[in-house]
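For reference, the chain that follows is the form predicted alone, supplied as structure tokens.
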């Protein structure tokens, strides 16, 4: 019995040891990128704890601190790079709707590795930044939640939609054309309208207010909400020129839907050195 108690004490002490942290984001090498936030491969990547700061530079500003910090780990397979972001947020806000905001996070990287960095607040003219953006409602859709009014509002009462009339064969061209009359965002080609296959998107910016869809970077992601908050993996193509043991920079942003954070109302970091370790 004493031996068992001794073993348990050792295990308890090991579990209570503080995690190894570093003062920069270190992307360690691995043959495969782990897309599951709970994958044990993340234990091999050192953690960087980044303090968040309010977005107080452009309107609409966020002056009240919400998310205090985000823990970042990174892994690369030589062609792609993945980041795992973890932050405290007791509420899971993944349902869109009028006056509803959703949880989200983003990774920002300079388009070019150069001595003079772009402004950390969305870059600047002539110095473009690449942003990979994840949203909780997109994750819910990827996880299988439907995209119809009945899926999002199960208690809503709907009398009739013309595109669901019996004379229109389900899946026919006529039925799809009629449905577009009631889905203007999709009809206009809005990339945010309709079912999604990945919970992230690639964006670029050259300063506040210039955020636009960017060239595809092979972005992917997966987020899981637990008892204390979110754990989100975001992956994308390895930044151009980021060779082994060379540095670039990255910045991160967090939105808490429960605190009505959206758009420029967010918590953010400044530039953090990003170094690639290994081959």
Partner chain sequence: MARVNNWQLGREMSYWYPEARPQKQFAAVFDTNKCIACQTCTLACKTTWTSGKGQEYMLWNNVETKPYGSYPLAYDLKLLEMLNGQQWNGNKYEGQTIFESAPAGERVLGWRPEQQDYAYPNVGEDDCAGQVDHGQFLSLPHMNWFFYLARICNHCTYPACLASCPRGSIYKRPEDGIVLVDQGRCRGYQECVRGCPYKKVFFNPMTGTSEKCIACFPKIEQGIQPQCFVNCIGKIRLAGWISKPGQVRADNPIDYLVHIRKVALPLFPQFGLEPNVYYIPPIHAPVSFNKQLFGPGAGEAVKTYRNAMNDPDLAGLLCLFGSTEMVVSRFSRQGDSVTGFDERGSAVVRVPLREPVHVRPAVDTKNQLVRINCP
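These numbers come from a predicted model, not from an experiment. Numbering follows the first chain given and starts at 1.
Below, we turn to the form predicted in complex with its partner chain, even though it does not appear here.
Would 63, 99 and 203 all count as contacting its partner chain in the predicted complex, using a 4.5 Å heavy atom cut-off?
Yes, each of 63, 99 and 203 comes within 4.5 Å of its partner chain in the predicted complex.
Only one of 152, 198, 168, 113 has a non-hydrogen atom within 4.5 angstroms of its partner chain in the predicted complex; which is it?
Going through each option in turn, the one that passes is 152.
Report the residue, out of 209, 144, 90, 126, that has at least one non-hydrogen atom within 4.5 angstroms of its partner chain in the predicted complex.
None of the others qualify; the residue that does is 209.
With its partner chain left out here, work out from 178-186, 67-75, 113-121, 81-89 which stretch has heavy atoms within 4.5 Å of it in the predicted complex.
Of the stretches listed, the one contacting the partner is 178-186.
Give a yes/no on whether residue 190 approaches its partner chain to within 4.5 Å in the predicted complex, heavy atoms considered.
Residue 190: yes, in contact with its partner chain in the predicted complex.
Taking any heavy atom pair closer than or equal to 4.5 Å as contact, tell me whether residue 43 reaches its partner chain in the predicted complex.
Flag for residue 43 set to no.
Report yes if any heavy atom of residue 270 sits within 4.5 Å of a heavy atom of its partner chain in the predicted complex; otherwise report no.
Answer no; every heavy atom of residue 270 is more than 4.5 Å from its partner chain in the predicted complex.
Does its partner chain get within 4.5 angstroms of any non-hydrogen atom of residue 240 in the predicted complex?
Although its partner chain is absent here, residue 240 would stay clear of it in the predicted complex, with no heavy atoms inside 4.5 Å.
Listed by sequence position, which residues of 146-170 have a non-hydrogen atom within 4.5 angstroms of its partner chain in the predicted complex?
Sequence-ordered list: 147, 148, 149, 152, 153, 158, 161, 162, 163, 164.
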